[in-house]
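Just one chain is shown here, as structure tokens, and it is the form predicted alone.
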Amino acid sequence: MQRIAITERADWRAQAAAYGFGFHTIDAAPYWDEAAYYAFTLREIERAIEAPTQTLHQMALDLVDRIVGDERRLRQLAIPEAYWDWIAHSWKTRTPHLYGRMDLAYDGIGAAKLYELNYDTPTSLYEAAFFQWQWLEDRIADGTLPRDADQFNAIQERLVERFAALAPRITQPFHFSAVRDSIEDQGTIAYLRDCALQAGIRCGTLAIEDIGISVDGRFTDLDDRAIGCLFKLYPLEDLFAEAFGRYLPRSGLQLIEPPWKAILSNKGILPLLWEAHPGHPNLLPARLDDGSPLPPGWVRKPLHSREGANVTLRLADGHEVATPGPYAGPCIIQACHPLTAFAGQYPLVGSWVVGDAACGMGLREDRTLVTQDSARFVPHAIIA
């Protein structure tokens, strides 16, 4: 694994505009950054990223099977009791899921370590699946990369295949939904909708704010039709807290991601994974924060924090990094396994699972040890 500085493509911003990549720059700061790329060997990808991702995914699914009927565990995860039966039913009937991303610390030397699962509303998808692949093809064509360069990236193909497999089980009308004013989220659902259309699925888009409730408790679109299936790039725990959340279990609404993803999108799953697989080389020791003494190096994370918000990291030497944010409530304590610096940047690997298959990755790098929403996306290549 190497970080290699290169010259940007002269026309990449024009390409981004042409392909609808409207969030390559956020708040006047670069999000997409191709002034460097990360180079890997095929052996690294297969053994250190792809295989562990597949194993961790299966371990997580096995754990859901044990948690859905365990009231004590559901309380530890701070999942409201009103949704327990709904979540359990969605798992027992194997309500289909689409995708997820796990964040891994990897430095090219030791085993990749799982930081967390983003299995309900994962973003950085379009740039990982499409735009970095376009970057690879252009860099091979202009001679910057060797002709046999490759990328761990079958994400788009797997998404189209997964939508095709889900098509018979999707209830119409089917909408993709996100917060109206989130450029990144709107870009993500537009990309996913395009993948669904390629798979032959009729679907539309709808702002979360425009979803209504009928007198009989059905979720409706702007035409007052009961929504059959909703892909919602909006956290399940936030839906639970909304005034209309109480209608979910009896609404007949099919959700993608399904209700059982509330278990895996919760950082409380990390202590449970460690408890089930103590000493696993790709896991970090973790426990619920019960106020007991902390180890020399540790990280505290709220169960539902996102984008590195409200994280406190303390290294073994006492150096501490703390991030602001809106999240509160129960926390976990995870052993501190700091990211490795490459040219002063700290890369985090986002490893993608579509359906149940590990199929690609994207890297985001930050200037600090905690990867936040200001982190930049940097492309990668497999150099034999």
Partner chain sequence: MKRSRTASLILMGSAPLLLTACSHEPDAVRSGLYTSVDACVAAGNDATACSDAYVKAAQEAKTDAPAFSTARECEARYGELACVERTVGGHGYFMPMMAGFMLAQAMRGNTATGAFRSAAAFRDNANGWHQAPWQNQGPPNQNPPAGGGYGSGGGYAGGFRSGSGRALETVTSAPDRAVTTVGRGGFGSGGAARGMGFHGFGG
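All figures in this text were calculated on a predicted structure; none of them were measured in a lab. Residue numbers count along the first chain shown, from 1.
We do not show the form predicted together with its partner chain, though everything after this point is about it.
Of the candidate stretches 257-265, 286-294, 172-180, 68-76, only 172-180 has residues with heavy atoms within 4.5 Å of its partner chain in the model of the complex.
Within 4.5 Å of some heavy atom of its partner chain in the model of the complex lies at least one heavy atom of residue 19. Taking the partner from the other structure, its partner chain in the model of the complex has no heavy atom within 4.5 Å of any heavy atom of residue 277. Interface residue remark: residue 315 is not counted as part of the site for its partner chain in the model of the complex, having no heavy atom within 4.5 Å. Using a 4.5 Å cutoff between non-hydrogen atoms, residue 382 counts as a contact of its partner chain in the model of the complex. Checking 111, 88, 82, 190 for any heavy atom within 4.5 Å of its partner chain in the model of the complex turns up a single hit: 190.
Annotated contacts: 62, 98 and 377 are all free of its partner chain in the model of the complex [non-hydrogen atom within 4.5 angstroms].
For the stretch 177-213, the set of residues having any non-hydrogen atom within 4.5 angstroms of its partner chain in the model of the complex comprises 179, 182, 183, 184, 185, 187, 190, 191, 193, 194, 197, 198, 199, 200, 202, 208, 209, 210, 211, 212, 213, in sequence order.
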